[in-house]
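Take a look at this single chain in structure tokens; it is the form predicted alone.
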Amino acid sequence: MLIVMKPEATTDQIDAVIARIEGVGATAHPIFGERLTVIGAIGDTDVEQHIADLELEGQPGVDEVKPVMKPYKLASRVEHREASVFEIGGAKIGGEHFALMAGPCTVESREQLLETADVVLAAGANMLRGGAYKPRTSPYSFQGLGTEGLRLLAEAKEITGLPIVTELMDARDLEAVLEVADVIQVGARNMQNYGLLTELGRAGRPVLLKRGLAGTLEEFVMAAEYILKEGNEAVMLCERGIRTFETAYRFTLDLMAVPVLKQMTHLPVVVDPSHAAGRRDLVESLSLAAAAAGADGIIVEVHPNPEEAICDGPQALRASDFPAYARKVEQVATIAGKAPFLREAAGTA
């Protein structure tokens, strides 16, 4: 249910509506705009009926009450018509703002991470990505450096000033990750790990949620709803390729998801071309296509020596090629209506 307050509604009137909503077991999510306030009332089917029985249309200060038919209440554009814009470590994403997140698939060593971070910084990218914990298909594959990887990411952040994007797999590691991460990534395999998503909603740190390998768009957005309902509004959706019958490449990058998700939700949409392609030679083309489709950002893998990478070397861009790649992405994103995003301080904007 969506309760639209009158422009002249007082604080006491707004608080009274919130109290009545919460009094029937629902959760109230007020959105305070420049001109008016909108209150989202969230609950299960029985609770929604109780909300309807409140007859809030007659409450002082209430302009109108609208039912929200979508199962995803907080992510929907019904309640939040304008595209959300988040500022993360000085970088903005959403609306007219584009963010380029780049770095190694996994943190392997201090030398490898800092060399990559220097390249990412010099090229003008907005955020440094790097995995300390890695979900792998085989339990015998390298699983990441763990806390040592987090320590190295913290050092890279201190040296470069770049915000850190890193993955969380287990809620037991949340506190350690929160000490380092500016954005917490949820991998495709954890898209429907609802307990983990709930904890991230309570943590309040920006979340980059990746679409599951076989998740529909509605399932994807409903997963985001688990984070939003706990009060964390800073959620970014990431299309990273889905599993289809095609075997010519690793996954099928669903670029149609970009404009559709932007119609369905107000949340920024990011594309991961590296995991979709699985091949370095396809990453740039997919990145440019994503920017042209209206994506709000790209998260891409970069490595100084991909042939020596412990994890996903074949899909990582060479660090030496990254500056030219970043400029091309910016050019296409600008044509698609985004503001220039490469930092001027890097001399590449």
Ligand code: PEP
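Numbers for residues come from their place in the sequence shown, where the first is 1. Only a predicted model underlies this, so the values are computations on that prediction, with no experimental measurement involved.
Here the subject shifts to the form predicted in complex with phosphoenolpyruvate (PEP), a form of this protein not shown in this document.
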item	value
Interface residue in the predicted bound form among G94, G124, G187, G144, criterion: non-hydrogen atom within 4.5 angstroms of phosphoenolpyruvate (PEP)	G187
Contacting member of H275, H266, K157, K229, with respect to phosphoenolpyruvate (PEP) in the predicted bound form [4.5 Å, heavy atom]	H275
Partner-facing stretch of 194-202, 127-135, 81-89, 221-229, counted where any non-hydrogen atom is within 4.5 angstroms of phosphoenolpyruvate (PEP) in the predicted bound form	127-135
Contact flag, R240 vs phosphoenolpyruvate (PEP) in the predicted bound form, heavy atom cut 4.5 Å	yes
4.5 Å heavy atom contact, E301 and phosphoenolpyruvate (PEP) in the predicted bound form	yes
is_contact(C105, phosphoenolpyruvate (PEP)) in the predicted bound form, heavy atom dist at most 4.5 Å	yes
Residues in 2-25 with any heavy atom within 4.5 Å of phosphoenolpyruvate (PEP) in the predicted bound form	none
